[in-house]
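The chain below stands alone, shown as structure tokens; this is the form predicted alone.
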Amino acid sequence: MSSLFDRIGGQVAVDTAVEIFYRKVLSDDRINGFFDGVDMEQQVNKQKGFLTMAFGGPNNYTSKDMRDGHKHLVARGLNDSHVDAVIELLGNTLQELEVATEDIQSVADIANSVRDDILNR
């Protein structure tokens, strides 16, 4: 069976999804405040690398682990509702790109598998 990375369309699809996803994030008042002062070009590139790896593509991800990468956001109030919003926006993005429903669920499952690390629990 092919990897999730291949099923959703490989690197081009991941890159496109991340670009669309962050446009949604930055226009969503539930979570956009967490990105104030963030270098979005760097953030987009980190996310492309992370999702490529998480979806079974080449692993070129070299950034901090989930706990260290989000600890400062937890201190600013990051909680389950924010993680839910991110998963929702990512799912909406993948729907727009006509990714299969079962693959969108797999993406949500991957995101939920790191929820406790993101929230430092």
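From 1 onward, residues are counted along the sequence shown. The shown structure was predicted, so the numbers you read here are calculated from the model rather than taken from an experiment. Basically, rigid core = biggest C-alpha set you can superpose within 1.5 Å across the two forms.
Keep in mind that the form predicted in complex with a small molecule is not shown, yet the notes after this line are about it.
J.: Checking a candidate spot here: are Ile8, Val44 and Phe55 all in contact with the small molecule in the predicted complex (at least one heavy atom each within 4.5 Å)?
T.: No, because Ile8, Val44 and Phe55 lack any heavy atom that approaches the small molecule to within 4.5 Å in the predicted complex.
J.: Work out which of Ile20, Ile104, Ala111, Ala13 lies within 4.5 Å of the small molecule in the predicted complex, going by heavy atoms.
T.: The option sitting close enough to the partner is Ala111.
J.: Is there a non-hydrogen atom of Ala75 within 4.5 angstroms of a non-hydrogen atom of the small molecule in the predicted complex?
T.: Heavy-atom contact with the small molecule at 4.5 Å: absent for Ala75.
J.: I'd like to know if Gly91 sits close to the small molecule in the predicted complex, meaning any non-hydrogen atom pair within 4.5 angstroms.
T.: Answer no; every heavy atom of Gly91 is more than 4.5 Å from the small molecule in the predicted complex.
J.: Would Leu4 show up as a contact with the small molecule in the predicted complex if we use heavy atoms at 4.5 Å?
T.: Contact check for Leu4: no, nothing within 4.5 Å of the small molecule in the predicted complex.
J.: State yes or no: after fitting on the rigid core, is the Cα displacement of Gly91 between the shown form and the other one at least 2 Å?
T.: It does not reach a 2 Å shift.
J.: Core-aligned, does Leu26 move its Cα 2 Å or more between the shown form and the other one?
T.: It does not reach a 2 Å shift.
J.: For Gly56, is the C-alpha shift between the shown form and the other one 2 Å or more after core superposition?
T.: Superposed on the core, Gly56 moves its C-alpha 2 Å or more between the shown form and the other one.
J.: Closer or farther: the C-alpha atoms of Thr62 and Gln105 in the predicted complex, versus the form shown, with a change of 3 angstroms or more?
T.: Here the pair is farther apart than in the predicted complex; there, closer.
J.: Work out the direction of the Cα-Cα change for Ala54 and Phe21 in the predicted complex: closer or farther than in this form? It's 3 angstroms or more.
T.: The answer is closer, because the C-alphas of Ala54 and Phe21 approach each other in the predicted complex by 3 Å or more.
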